[in-house]
Each structure stands twice: as C-alpha cells, then as structure tokens.
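Taken one at a time, structure 1 and structure 2 that follow are two forms of one protein chain, written as structure tokens.
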Structure 1
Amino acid sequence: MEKYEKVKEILKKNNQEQLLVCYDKLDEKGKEKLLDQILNVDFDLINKLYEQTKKGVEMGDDVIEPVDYVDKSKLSKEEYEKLEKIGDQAIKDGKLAVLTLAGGQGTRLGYNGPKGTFDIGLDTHESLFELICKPIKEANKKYGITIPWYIMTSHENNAQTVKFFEDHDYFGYPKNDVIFFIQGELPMIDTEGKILVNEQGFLKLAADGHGGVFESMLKSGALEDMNKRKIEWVFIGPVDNPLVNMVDPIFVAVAETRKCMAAGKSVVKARPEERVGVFCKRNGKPSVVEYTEISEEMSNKRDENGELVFGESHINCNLFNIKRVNEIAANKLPYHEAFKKANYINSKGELVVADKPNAYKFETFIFDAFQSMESMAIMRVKREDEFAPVKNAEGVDSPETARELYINFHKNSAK
C-alpha cells in the first residue's frame, strides 16, 4: 500500500489521477505493473512536451542550403579501388557493426506480426529479416569474420521477433553475434495534456521513434557490447528495405577518408513532390529537411545541370562513428509530436473510440543527430541497387514494387 499511496501523491501533484481509473479491476500482478509504469514516468518531460504541442513547427530564421555528396556510380576506377581497399581493411579488422531498426508491426501492410517477419512474396518465401541477413552472411564469408548484428525491436514485437529467429535457427547466423534490444517508449497524451489509459487499464505507450536507437543502445547494454568489441563504425538501417546494403566498404571508406563522424546514403528524388526528407545544411550543419518543411519553390529548384538542388533523399541508411554514438546516447535528441487517432479509457472508465486524431505521440528522429556533426559525408547510390521500401499494402513502395526491384537487382548482379 505504501507504493500505491506514493503513486497517488505523484498523480495528484501532476494532475494525472485518471491513470488509476482501472486499478481496482486489475489482478495483483496487473496492479503492480501499473504502479511501476507510473513511477517510471518523467512527468516534467511530459509537461514540457505538452507545452511544445501548442507551439507547432517553426523553421524560424533557419538557413537551408544544398549539401555536397559523392556519387558512388561516378567514381573513377582508381578512386573506387582505392576506397574499396580502405573499406575492406576496416571491415576485415572487425571495425564494423550493423544494426537493424525493427520495432514496427506490419499493420499498414495488412499483416499481423513484426514487420521483419513479413514475406514480400518471393518464390522462396523468405522474410525481410532473412533477405537482410543473406548479404551480411556473404560478407562474413568474404572477410573471414563475423560482423555483429544488432536488432532494435519494440516492447510490442520483441518476444515474437526473438521466437521467429529461434524457429528459423537464426538463418544460420552465429547466435552470439545477434543482439536484440528494445526501443524506448513514451506515454501518449490528449489535447489537455492528460496521459491516456489503454484498453487493458495500463498507460498507453508509443515507441519513441528511430532516433531513440541511441538511448536504447545505451540503456540496454548494446552500446557497451559494441565498445567491448572495439567497433568503430555502426551502420544503422531499416528492416523494411530488402535491398539495404549494410556492409559497404566504399561507404565506410568515404566516411573514414573524409574524417567524418557520420555518413548517410541518398538516392535522387524520383520527382520534386516525392514525400521524402532530403539532406541539406541547416545553419551550416548537416541536417535533413522534411517534405512538410520545404517550400514548393525549393522542391522544384534545379541547378545548371538540370538536377534538383534539394534532391538527395534520406533513405535512413546511415553510418556513425562509435565515438559520436557514445556522445549522442548520453544526450537526448529533441522530440517531435505526431497527432494520431487513439482509443483509450476515459476518467469514468468508459472506452473512447477515436474517429479522428485526438492524441499526441512523441518521437525522436535519427537525423536530428546530424546537427551535432561539424561535417557529414553523403553518398548517392542508385535507387534500383539499394532502395526497395516496403511501406504500403499496394501501389508505391509496396511488396509488389519491392519484389520487382529485388528480383531485377539480383538478375542484373548475376550477369
């Protein structure tokens, strides 16, 4: 009862008493879980984030400029071979780790399960996880080492993901070199700043975005594991791109030779209005400007060669130096709010079913880490070689388009 009284006091002080609305209906285990959840809430942060929702996004006086990049396909034979030699050596020396962002569910694909377990419809019926795993295994064979593979799951899908790997014998990957860790979460709040209660009577939590990877690496011990292994470069990429090239010696060498603490891969925007974030310089620092932030004039602006001035799409394939990862993990990235539809239990214990956006979730973006860099290497790659996103059930960026890109890439590679 002492814990319960302590929680009641905290809730009263923060005007969040509604969080105990279902307490009496829970069993002893459930009551304990709810009290622990509440004790783990940073109410000062929640209040700060609520105040932030009233301000909206402000570009202010930010100066947005185009960014320099290296075009991988336009490197001369000499340049390519020189970079390949440097990158090969770094990988052979065990300096590279790869990390997959796999916290999502396949809901938008009409699939019930972790997104990484989704089958894009190849004849082999391989899941996204297996398709991503194959090139890493090939690299291990080529370099005579085992590259540690870190996988960030979520509270929602961790158990299913780990079981999937166990059921498939880790796709033949050494089990001790596959390290799972769980993404952080933050409570969702309504437009009055009240934390929502989910349908089971607990706090309604949402994953804290792909930028949460750094803090989660630190809290879970994954970062400590990397440091112990003397890793120097960490490639971080998404689970929903079966063409993601995680072990790329040219990419590692571009970052090393330019003495950058981070590097990002880009593909040319398919069209000016494509809904993607693009690499830029914001107030002289590396950044990504979201499609919602960029003006129509900037989107359409072309240089003397007819190329889009702001045309380097951020495809969430980034490389970070471990020194900078340690620093970023110790400092929180800024939170961005998203206004979403959320069902919840109100203070009277009634279920509220949302028919329009009614609640805020808060997330961090990996590209906000770029702002702490003095410089960053951007490497343009071919869309058809490295980018086959699986985002929508049909149409653009669907399993059908990803499947076609994947098959064509491997057909062309075999020539």
Structure 2
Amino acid sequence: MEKYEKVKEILKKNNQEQLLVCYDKLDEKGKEKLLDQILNVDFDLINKLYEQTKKGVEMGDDVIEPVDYVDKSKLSKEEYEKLEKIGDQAIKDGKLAVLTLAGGQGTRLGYNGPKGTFDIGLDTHESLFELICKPIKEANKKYGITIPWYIMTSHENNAQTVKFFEDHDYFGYPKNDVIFFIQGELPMIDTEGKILVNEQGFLKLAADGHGGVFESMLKSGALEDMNKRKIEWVFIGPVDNPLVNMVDPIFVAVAETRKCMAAGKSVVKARPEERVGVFCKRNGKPSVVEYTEISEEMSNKRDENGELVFGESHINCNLFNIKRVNEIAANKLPYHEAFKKANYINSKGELVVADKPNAYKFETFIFDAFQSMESMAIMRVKREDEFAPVKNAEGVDSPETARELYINFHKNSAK
C-alpha cells in the first residue's frame, strides 16, 4: 500500500493521475507491474519532451559543409589490396563484431511481425534475417572464425524474434554467437502531455529509436560481452536491407588507417531531391543533414566533377570503435518526436481507437552520435551492391524493388 500511496503522490505532482485508471481491474501481479512501471518513468524528461513538441523543429544556425569520402570503387588496385590485407587481418584476429538493428516497428511496411522475419518474395522464401545472415556465414568460412552477431530487438518483438531464430535453427549460425539484447523504451504522450495507458491497463511504451543502441548495449551487457571477446570494431546495420555488407575488410581498414573512431558507408544520392539524410560536417563535426534541413540550392550544388556536393546518403551502415561506444552511451542523444496513431484507454476507462495521428513517440537517431567524433571516415559504396531497402509496402523501397535489386546483385556477382 505504501508503494501505491507513493505512486499516487508522484502522479498528482506530475498531473498524470490517469495512469491508474485500470489499477483496480488488474490482478496483484499486474498492479505491482503497473506501479513499478510508473516508478521507472523519468517525469522531468517527459515534461521536457512535451515542451519540445510545442516548439517544432528548430533549424538553428548550424554551419553545414560537405564531407570528404573515399570511393571504394575508385581505389587503385594497389590501394585496394593494401587495405584488404589490413582489414582481413583485423577480421581474422577476431576484432570485428556485427550488430543488427531489429527493434523497429516497420509501420510503413505494415507487416504484422518483426521486420527481420519478413519474406521479400524470393523463390527460396528466405526471411530478411536469413538473407543478412548468409554473408556473415560465408565470411566465417573465409576467415576461419565465428563473428559474434548481436541483434537488438524491442520489448515488443523480442520473444517473437528469438522464437523465429529457434524455429529456424539459427539459420545454421552457432547459437552461442548470436546475442540478443532489448532496446529501451519511452512512454507515449498525447497532445496535452499526458502519458497514454494501453489496452491492458499499463503504460503505452514505444521503442526509443535506433540511437538507443548505445545505451542498450551498455545496460544489457552486450558491450561487456564484446569487451570479453576482445572486439575492437562493431558494424551496426539495419535489418531491412538484404544487401547489407556487414563484414567488409576495406571498410574496417579505411577506419583503422585513417585513425577514426567511426566510419559510415554512403551511397550517392539517386537525385538531388531524393528524401534522404546525407553525411555532412556540422559546425566542423561529422553529422547527417536531413533533406528538410538544406535548401534546394544546396541539394542541387555540384562540384567540378559534376558530383553532388551533398550527395553522400547515410544508409545506416556504420562502424564504431567500441572504446567510443561507452562514451556515446554515457552522453544522452537528443530525442526527436514522431506523431503517430495510438489506441489507448482514456481517463474514463474507455478505449479510444485512433483513426489519425494523436500521440507522440520519442526516438533517438544513431547518426546523432556522429557529432561526438572528431572525425569519421566516409566510404562511398555502389548502391546496386549494398543497398536494397525494404521500407514501404509498395512502390519505392518496397519488397518488390528490394527483391529485384537482390536478384540482380547475385546474378552479376555470379558472372
């Protein structure tokens, strides 16, 4: 009872009393869970985030400049071989781990299940998880080692994801080297700043964005596990790109030889108006600038070779030195809000079914971590070799386009 009184007081102080609307209907275990959930909420943060929603996006006076990059396909044979030797050695020495970001909700795709379990429609019906696992298995064979594969899930999809791996015998990957960890989450709030109650009577929580990977690596023990395994570099990539090339000796070598603590792969923007974030320098530090943040003139600007000056798209394929992960995890990344549809139980105990966006969800982005780097090595790769995003149910970046890109890549590399 003491706990209940304490919670009531906290809620009153923060004007969030609706959170106990279903309390009386819950069993003892449920009551305890709800009280613990509430005690775990950082109300100051929630209040701050609510204030942020009222301000809108601020462009600020940031100085945005283009970045230097290495074009993988334009390296001389000599340079390539030199880098390959360095990268091969690092991988053979067990310095590389790979990490798949699989905590997203995949709302645009509209698939009811973890995105990694999605079948893009190949004749083999392999899931995205299986497709991205294949090249790691091949690398293991090539290097005579097993690269640890970390998978970040969410509270929402963890059980289903692990079951999928169990049911598919981990796609033949050594089970002890597949390490799942769950990302953090934050309460969703309505337009009045009230935290929502979900259909089960608990807090409505949502995954805290792919930038949550650093904090979750630290909190879950995944980072400690990497340290134990003497990992130096972790490649962090998406689950929704069947062409993701996670074990790339050239990429590792580019980061090592340039003495950078992080590296990012880019593909050249398809057209100036493409709605993607591009690598840039922001106030002198590595960053990504969103298409909404730069002027049309900047988007269209070309250099003397005819290349777009801001043309290096960020494809969420990045490499981090694990010494730096600790620091990034300790310094909170900024939160960005997304306005989403969310069903909830209102303060009268009634279910509200949303037919349009009605609530805020807060996320951190992985590329906000770049700003804490002195420098970052950017390596341009060929779009057709490494980029087949599965974002939308139809049209651009859909299963259909990804399937075609995947098939073409394998047809060409078999030649």
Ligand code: UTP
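Whichever C-alpha set is largest while still superposing within 1.5 Å between the two forms counts as the rigid core. Throughout, residue numbering runs from 1 along the sequence of structure 1. Just so we're clear, the structure is a prediction, and the values are computed from it rather than from any experiment.
Annotation: structure 1 represents the form predicted on its own, while structure 2 represents the other form. Core-superposed comparison between the two structures: the CA of L39 stays below a 2 Å shift.
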